[in-house]
Structure formats: structure tokens, C-alpha cells
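First, one chain by itself in C-alpha cells, the form predicted alone.
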């Protein structure tokens, strides 16, 4: 693909990957492009753990599934992220951000309008919907041929100091390089976020990976090759809608939106 095509085609993989191992050539390429990212004073604060060991992947998958079940059952996930949930095309067109849940199994469809109410939460718990979602998440992560843990050097990542911003910015640039490259080589990538929602479970992953005191575990991603003619998973969403330029671009000062680029 041409470079701009790669940018425009970037997406998150919500469904399963092929079981094929990620080749060493592609692993090396992904780490090469990550290391080519910009960093303040060329500090290169990022560190990566490539995880192929099946037992480790299965353990992280179990932790992820448990975490999803917990935050869904408690309602904390919906409460925390409800500004970004969309359940209709009209709402998505109006907001132009967030995630449109246009693919849900029959079991969940009755809750789309009541997911943020106490009654809806109670009904979902009685039907063990959080457990079903957690199990689906576990299987998805477990079926990934490769996980990638992203860490920062604590000498650079010092919350409250300017160096912390620089290191986070650099980590984001490194992961964007990785993300875009997966699209070029027929791979997909997804953030394994649910363990981060449960601090004690995130600590379990840190211990599992033997993270030393001088490094901070920042994120875990699942990666693999995309299947041909893949069907959409039972729980899927669309997030291709983007804000108009006038909603995020200004000319000269923050008082003047750039409205000429909307069409």
C-alpha cells in the first residue's frame, strides 16, 4: 500500500486471528519500526516483551476475561466509558466519535437502551451476561499467536515531571509505527485493556512477566495474521466515523474553527 493508504486503512482488529505463528522476520520488523520512533533527546524510553509462550498467553487471557467479567458485573466499565457508546447510526453521525455497537448477539440486544440503568445492569447480571462476555474475551486473547507488552524506563517515566510526558509521547509514536506496519504486512492488532481496569489483575501480569522495578508496564497488545474473508465477531463495533475538521482544527487562535475543510 501507499503510505497514505496505510494511514487511512488503520483499524483495530476486534475478531480472531489465524493460528499461524508470527514469523521472526515480521517480529523483527515490528520492533525495528518501533525503535525508529522519535523520542525526546533520543532517550528511546520504550521496552518491549514479545510473548509467544502458550502458557503465558493463556494466563494473560484468563486474567483479561476475569477482568472483563468483574468490571461488567460491577457496572464500572459502562459508567466510566458511557460517553463513547453509540447504539444508532443517527447518534454516531451526530457525535462523530465513540463506538457504534451495530453487531450484538440476540442475548444482548434487549439491553442496548438500558445498559446504563440499574435495572438493565441487574438483569444482565441475572442472565450472567458479564460471564459470557468475559469468556468471549478470554477466548479471543487466548487465540492470539503473539502478545506484545509495552514498558517504559522509569528513569524517563516519572509522573508529575515533564519527562513523563515526553516518554508517553514517544511510546505513542512507537506503537503507532507498529500499528501502521501491521496493516502493511497483513496483520491485525488490538489493545488488551481490561486487565488495566482492575489494578490487582494488572499487577498479576507484571509479576507474570517479571517486570523489574526500573520498568513500568504500560500496555499489552494482541497481534496475529488476519484471516481471509473473516466474518464479523458476535460482539463488534464500528469506529470509522471521524470528527469534522472544524471540530478539531483552528486557525491562528482557538477562537477560529477551520470550517472550510468540512466538505
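Model, not experiment: these values are computed from the prediction. Residue numbers count along the first chain shown, from 1.
The same protein also has a form predicted together with a small molecule, omitted here; what follows describes it.
How about residue 237 - does it come within 4.5 Å of the small molecule in the predicted bound form, if we only consider non-hydrogen atoms? Residue 237: contacts the small molecule in the predicted bound form.
Quick one: is residue 242 in contact with the small molecule in the predicted bound form, heavy atoms, 4.5 Å cut-off? Result yes; residue 242 sits at the interface with the small molecule in the predicted bound form.
According to a 4.5 angstroms non-hydrogen atom cut-off, is residue 150 in contact with the small molecule in the predicted bound form? Close contact is absent here: in the predicted bound form, residue 150 is far from the small molecule, nothing within 4.5 Å, heavy atoms only.
Can residue 157 be called a contact residue for the small molecule in the predicted bound form at 4.5 Å between heavy atoms? Result no; residue 157 lies far from the small molecule in the predicted bound form.
Name the stretch, out of 67-75, 187-195, 122-130, 162-170, where some heavy atom lies within 4.5 Å of the small molecule in the predicted bound form. Comparing against the small molecule in the predicted bound form, the contact stretch is 187-195.
Site test, 62, 139 and 202 vs the small molecule in the predicted bound form, non-hydrogen atom cutoff 4.5 Å: The answer is no; none of 62, 139 and 202 reaches the small molecule.
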